[in-house]
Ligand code: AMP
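Presented as structure tokens, the chain that follows is alone, the form predicted alone.
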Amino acid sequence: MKTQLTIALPTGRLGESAIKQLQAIGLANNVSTKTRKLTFIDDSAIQYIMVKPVDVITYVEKGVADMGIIGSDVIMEQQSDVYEVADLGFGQCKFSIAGFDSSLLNQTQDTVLTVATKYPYVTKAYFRKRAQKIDLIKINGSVELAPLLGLSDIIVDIVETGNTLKANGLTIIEDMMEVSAKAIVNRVSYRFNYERIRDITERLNALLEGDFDA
């Protein structure tokens, strides 16, 4: 079967939500997370590839996938050359600054704050706008440990419920920006597969607005 389009989906909870949304508009009928398979083709001859969330944009940007679904946190952090074509309305959370002492953000601009985060680009850009000097520490694991062990003054992280912060005695000092799942498209694919991509995008938008008619 000749595939019409390839869509990169993230593994994990975000991918499960993406699959449900695609299935709600009549796509991805053969895609399942209950298998070790990494590629699927549905009845519409669309191929789906399951990749790590941080790799979705790479596959789309390089043209291996025509479309992808990924959180806007990854889009903002990676600053890649892709089109955002739809906000999908799930995976909603926030970039937030958290720590023990809310007064830390009220220090003078000459004060250097030590910030631990998985998102160095987003963090640098945000504090640059605040004209606040920071010493940034990149952490790949649980950033909540950094202020607990005295490694940083504050952290910047994605917050959904805030339960992990509370469990470790941290509080949200400031919400930075909203995050949600987005549909992204390779720039070349957008030109050459415009009609097919537009059809999928319109169906996703209609579903979000409650106007989709299967």
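The first residue of the sequence shown is number 1, and the count goes up from there. All values derive from a computational prediction rather than experimental measurement.
Although it is not shown, the form predicted together with this ligand is what the next lines describe.
J.: Within 4.5 Å of this ligand in the predicted bound form - does that hold for a heavy atom of every one of Gly99, Ser103 and Leu113?
T.: Not one of the three qualifies.
J.: Tell me which stretch of 33-41, 55-63, 160-168, 185-193 has a heavy atom within 4.5 angstroms of this ligand in the predicted bound form.
T.: So the stretch in question is 160-168.
J.: Within 4.5 Å of this ligand in the predicted bound form, heavy atoms considered, which of Cys93, Ile139, Leu136, Val85?
T.: In short, Cys93.
J.: Contact between Lys20 and this ligand in the predicted bound form at 4.5 Å, heavy atoms?
T.: No - in the predicted bound form, heavy atoms of Lys20 and this ligand never come within 4.5 Å of each other.
J.: Can any non-hydrogen atom of Arg198 be found within 4.5 angstroms of this ligand in the predicted bound form?
T.: The answer is no: Arg198 has no heavy atom within 4.5 Å of this ligand.
J.: Give a yes/no on whether Glu77 approaches this ligand to within 4.5 Å in the predicted bound form, heavy atoms considered.
T.: Although this ligand is absent here, Glu77 would stay clear of it in the predicted bound form, with no heavy atoms inside 4.5 Å.
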